[in-house]
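One chain follows as structure tokens, the form predicted alone.
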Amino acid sequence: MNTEILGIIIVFVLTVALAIPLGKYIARVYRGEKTITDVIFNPIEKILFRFCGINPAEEMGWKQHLKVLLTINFVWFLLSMFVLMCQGWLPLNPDNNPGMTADLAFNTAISFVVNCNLQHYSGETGLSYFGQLFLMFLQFVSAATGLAAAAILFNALKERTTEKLGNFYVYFLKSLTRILLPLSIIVATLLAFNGTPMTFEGKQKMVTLQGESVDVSTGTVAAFTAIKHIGTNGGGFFGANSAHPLENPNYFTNMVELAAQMIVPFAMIFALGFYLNRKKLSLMIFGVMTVGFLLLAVPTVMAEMNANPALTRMGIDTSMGATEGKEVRFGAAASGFWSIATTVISTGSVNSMHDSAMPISGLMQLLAMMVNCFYGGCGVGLLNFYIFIILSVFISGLMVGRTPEFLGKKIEAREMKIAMVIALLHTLLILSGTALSTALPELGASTLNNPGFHGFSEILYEFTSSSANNGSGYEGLGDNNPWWNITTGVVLLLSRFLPIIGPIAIAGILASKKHVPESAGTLKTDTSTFGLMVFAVIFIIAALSFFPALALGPIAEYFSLA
């Protein structure tokens, strides 16, 4: 157990250490400064811009940015529906997997377009290689969409008055070529050299320990797994995700995949400080997020290491921790830590079954997604946190009798209305979806495999994961039917694009306002005191709103074990 704890600490510290120079590099990319990747990618980008008829020097306002973002995502959705429903007769289908039904294709297409990867199918049998490759393409572009949105926010926060916030196509393409692609190549190489398959061949014959011959699916697993983590997507090539021995063969690959899903969200926080030359601001943000992360991770790791008290009272050896639903090659501690990393960061990949986690662990996993602003996914984590900064600045200003300002721009009623709508949207989508599925058992609750408190947790988890664009699930829930595919699909759409539109709109409005220089009366927003205020606002708005629902699920289940 001590070795497992040491492994967790090493991964976290190394990831932070690597994220700082990566953040500096990302800031240089978005500022248009020279980087080491210019020699390779500048010619490629010029060809692509010329071919598409795009003028990279033409700057856009925030409304133009959002128009382009929504348009290209709609095109990808339509292409996804075509590929998923018609994959049965498309190429690269050696195992003859059929096309998806309309409702499953609807859910899967939306899920991958919005960077969630909520999978109501099993990758081995649900997709052809062509389908897997197209979804891998979506994993790249959905992550790049989030990063480009964050780059727009960076630009808007500069100390000047403007309505021009760069070019979306430039931010988007550079996010792909300069950030996601190089990192994915590194991770895929490490995985391929450690046993993760990378092939276009079909199922292969293998002999089990019992001496039986079985057909085992392989494919372009290393490439798929790399971008699923670097892009905080989370969708697995196999149904078991990163618990599968071919997707995550050993403890080293487990460390690589864990670091891969954390490094870009970490780096984006530091990139904000380098981009604006406000390192104290980025340290405040990272500090608040890290405190929140540790408050979720530590109880989870402890709960998994202590195992089920009911089993201990029966005299069963639980010295290895809670081992149900876990891989012994990773252990209880590392699996518990992964479960919080993947829910905080909105990756959604799993190396153990969350449905088998201890009630306290399930509570922490749900809270991580309900808060949805500690680190977060590629780019969008900062957008979510920005909303709480705006709310905190306004509340703090009222408390101390100062004009609410953030980075020299006055926050007024219009911005506050947008911020409150976005802050409460997450709660509305989760609780309304859960309420409907519980109130209409013939549609929602009828597919539960677990009754009582845990069954309610399964419903709550499905909508929380969807609204947080996470993608992990309690797999005791039979979710591949029209009800779950359509309802979660709608939640995925609203919870992805409205929380992007809101912060970009606020940032664009503030950028057009007159810049007010700092004075003795200016509220400092890069201090630990303000960080504590932000944490309090997050706790009150994002966490306490869900307490009644949590009391009916994981909290009640915890007391039932006592």
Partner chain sequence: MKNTFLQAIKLSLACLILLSGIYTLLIFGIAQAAPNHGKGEVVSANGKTYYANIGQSFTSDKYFNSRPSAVAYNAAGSGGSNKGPSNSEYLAEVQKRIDTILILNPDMKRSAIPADLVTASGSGLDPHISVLAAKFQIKRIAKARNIKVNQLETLIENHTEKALLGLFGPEKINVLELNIALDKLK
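The shown structure was predicted, so the numbers you read here are calculated from the model rather than taken from an experiment. Residue numbers count along the first chain shown, from 1.
The same protein also exists as the form predicted in complex with its partner chain; that form is not shown, yet it is the one meant from here on.
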Fill in: Residues Y30, K63 and S432 all lining its partner chain in the predicted bound form, heavy atom within 4.5 Å
no
Worksheet entry | is_contact(L493, its partner chain) in the predicted bound form, heavy atom dist at most 4.5 Å | no
Fill in: Proximity of H244 to its partner chain in the predicted bound form, heavy atoms at 4.5 Å
yes
Worksheet entry | Any non-hydrogen atom of S446 within 4.5 angstroms of its partner chain in the predicted bound form | no
Discussion item. Within 4.5 Å, heavy atoms only: does G376 come near its partner chain in the predicted bound form?
Written reply: no
Item to complete: Using a 4.5 Å heavy atom cut-off, indicate which stretch of 258 to 266, 244 to 252, 367 to 375, 157 to 165 touches its partner chain in the predicted bound form.
Response: 244 to 252
Worksheet item: Pick from I72, M305, I395, M416: which residue has any heavy atom within 4.5 angstroms of its partner chain in the predicted bound form?
Response: I72
Item to complete: Name the residue from Y121, Y169, F406, F293 that puts a heavy atom within 4.5 Å of its partner chain in the predicted bound form.
Response: Y169
Item to complete: Would you mind checking 48 to 68 for residues with a heavy atom within 4.5 Å of its partner chain in the predicted bound form?
Response: L48, F51, C52, G53, I54, K67, V68
